[in-house]
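We begin with a single chain expressed as structure tokens, specifically the form predicted on its own.
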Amino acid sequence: MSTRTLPLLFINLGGEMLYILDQRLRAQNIPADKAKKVSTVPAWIEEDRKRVMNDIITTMFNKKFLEELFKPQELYSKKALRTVFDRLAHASIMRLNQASMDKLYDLMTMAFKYQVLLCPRPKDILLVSFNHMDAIKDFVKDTPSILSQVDETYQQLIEMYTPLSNGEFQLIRQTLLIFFQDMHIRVSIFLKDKVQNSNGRFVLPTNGPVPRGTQIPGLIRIFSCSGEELTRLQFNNGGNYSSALREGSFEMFGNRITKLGTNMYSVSRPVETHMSGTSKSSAQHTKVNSAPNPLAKEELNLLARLMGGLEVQKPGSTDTGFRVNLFATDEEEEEALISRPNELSYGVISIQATKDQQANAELTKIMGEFTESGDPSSSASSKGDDLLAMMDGL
């Protein structure tokens, strides 16, 4: 496992989340009675969309938060990471139903999983990350203070990742694929483009440019001990490959060449998720193993530190907030919420996490209460896993 994977996972998933929310905020019709400060609904919608995007990006690139994120560390559980994105998605006046949040997270993870699978070289994951960063910069181009936050992170990515060797990027790619390996959620965009099968597994192409630094497959050359070429054998490579494209830019400004990581929702098209197999939930991949999690305490401590930098802006007396629906209708959202699996339904533990020491002390105390129960199969395991999900109440 690579200890440098978490920042790339967070930034790429965060970029996909912003793409989806931007598309839904543009498409959703806000009732006229919510337009209090302007005379027309479209003007209020655009103003509010910018506010939501700015608030989320400000929180996402909070300096204290990123300091913790960029520390070398192993990836934590899916539930722990989901908790962070639950908190991040509600960092503005926008509110998501739990079913819509499930759908949002499914879309985020499947999009980035597909991008990782399609990267010609492991190092191209960095180009995908830069495409997401370029788009995020465009979202806040009219807000210099937030843009400077994004630029600082951009520079940090360049300094940390561009010197890495191909082997280190291969380890990062393997770590990401391990994280995504049990996620097979069907997405309508991928199904319609025939890049995903009905079982949720992706179809990898057998055509297009080969990775830079490699040759088109189809030729076997046999050499003597002295290095002299003896014979050549041709074989059918089974695909339609072409020569590699030129190198994408790894600088802050430049042509990335690859389209992976760009906004696939910029063209109006549905972004539905579908149920795989016999399961009734689009979030079935988040089912938690009943075995005790040896990293539970470390995950809780990580979340306490991360949440210290994630200050959710609560709607005040003048801002009642508004709900965003990622489904076509309210009825579809309600149906998805009813069929939501029990393991994703949880209460809330209110823990003040604005100070790291206080939060860590509270979490350690809670961990001590259930790890001493003596019944890991029925108590420690379930409480530890449930507590990770409850952390979105911080």
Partner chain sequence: MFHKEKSIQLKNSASALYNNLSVLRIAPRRLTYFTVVHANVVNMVSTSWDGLNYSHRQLQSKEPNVATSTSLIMQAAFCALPSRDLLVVSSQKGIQMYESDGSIMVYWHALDTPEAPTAHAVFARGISAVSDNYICVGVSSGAVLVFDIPSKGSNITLSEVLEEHKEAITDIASECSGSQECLANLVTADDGGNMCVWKSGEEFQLLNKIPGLDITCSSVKLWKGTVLAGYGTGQIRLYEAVTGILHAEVNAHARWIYSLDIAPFSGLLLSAAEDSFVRVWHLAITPETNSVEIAHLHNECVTDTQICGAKFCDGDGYAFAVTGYDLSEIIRYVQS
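Computed from a predicted model, the values in this text were never measured in an experiment. Between two forms, the rigid core is the largest collection of C-alphas that superpose within 1.5 Å. Positions refer to the first chain, counted from 1.
The same protein also exists as the form predicted together with the partner chain; that form is not shown, yet it is the one meant from here on.
Using a 4.5 angstroms heavy atom cutoff to the partner chain in the predicted bound form, none of K64, L245 and S266 count as contacting. Shown alone here, F235 lies within 4.5 Å of the partner chain in the predicted bound form, counting heavy atoms only. Using a 4.5 angstroms limit between non-hydrogen atoms, Q155 is distant from the partner chain in the predicted bound form. Put simply, R173 is close to the partner chain in the predicted bound form: some heavy atom of it is within 4.5 Å. Proximity of L117 to the partner chain in the predicted bound form: non-hydrogen atoms within 4.5 Å are present. Screening K259, K141, R221, K192 for any heavy atom within 4.5 Å of the partner chain in the predicted bound form leaves a single hit, R221. With the partner omitted here, the residue from A91, L147, M252, I216 that has a non-hydrogen atom within 4.5 angstroms of the partner chain in the predicted bound form is I216. Residues within 4.5 angstroms of the partner chain in the predicted bound form, judged by any non-hydrogen atom, belong to 71-79 and to none of the other stretches in 92-100, 71-79, 128-136, 147-155. Counting a residue when any of its non-hydrogen atoms is within 4.5 Å of the partner chain in the predicted bound form, there are no hits in 137-164. Superposition on the rigid core between the shown form and the other one places the CA atom of L233 2 Å or more away from its counterpart.
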